[in-house]
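One chain comes next, on its own, written as structure tokens: the form predicted alone.
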């Protein structure tokens, strides 16, 4: 499938690249790196995202070139969609008429595009972009390596999620040899939080609930406004609930402006949370997934726990 993707890239000259709304590290890093790979091949390429690049990823090379838009405008010959199981997840209009190439590594990945390269064995979509660069004969510059290393680091939970193996570290080594600085990449992500995020974290942890191996926390719109927090400040908060000793599964419920709840699910490996998320129309990784649910909060929590409890008991 890699060769097929490369063949379609070689046939065309103008590309638009995008990923899911509320982009995470793998979405941003992979899109930026893939875009630069195409440019090194002499192609015209733009990264267009529905949401802005989160603050912690703005120091990445090429991040200042990202276009934020609600629709794709431009005479492109193909769209490369990374880390998505549908064009709807991008929240961009105008992709319907494009020739679509999907590059994804999620277990919940679906073949929605004209060409679909989905490899759940890959640690991150960044791994697939790296393979694409090598197959295309593109030299992995320090800038490309930095984007890919950041994507790999964040999507593996700092190399802690299940599925991290010798191949993951072999790829990390290759990226470091190519010029990525591990300490610098980590500092930009884990030691650059806003004051608002710290206040929001305090509010979330004040709502901590525990039931055996389960833990869940939440924040309301009022708490987000009082903390002056942005959506991106919610990233990673669920991991604090998961970090509790003997907790195997954690959930973080965030109230959205329309009254629905965005739910982040995390597992230490005994439970496949992607299967839980898929029950509510979401998906992701075995140890890190998400979905959206209708409110009120009490109903959303009850429905989620109803699905988690039997699965956690079985393990």
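Residue numbers count along the first chain shown, from 1. Note that the structure is a prediction, hence the values are computed from the model and not measured.
What comes next is about the form predicted together with a small molecule, which does not appear here.
Looking at 261 to 269, 63 to 71, 242 to 250, 32 to 40, the stretch with residues near the small molecule in the model of the complex, meaning non-hydrogen atoms within 4.5 angstroms, turns out to be 261 to 269. Among heavy atoms of residue 22, some come within 4.5 Å of the small molecule in the model of the complex.
Put simply, residue 45 is far from the small molecule in the model of the complex: not one heavy atom of it is within 4.5 Å. When the small molecule is considered in the model of the complex, residue 162 lies well away from it, no heavy atom lying within 4.5 Å. Among heavy atoms of residue 233, none comes within 4.5 Å of the small molecule in the model of the complex.
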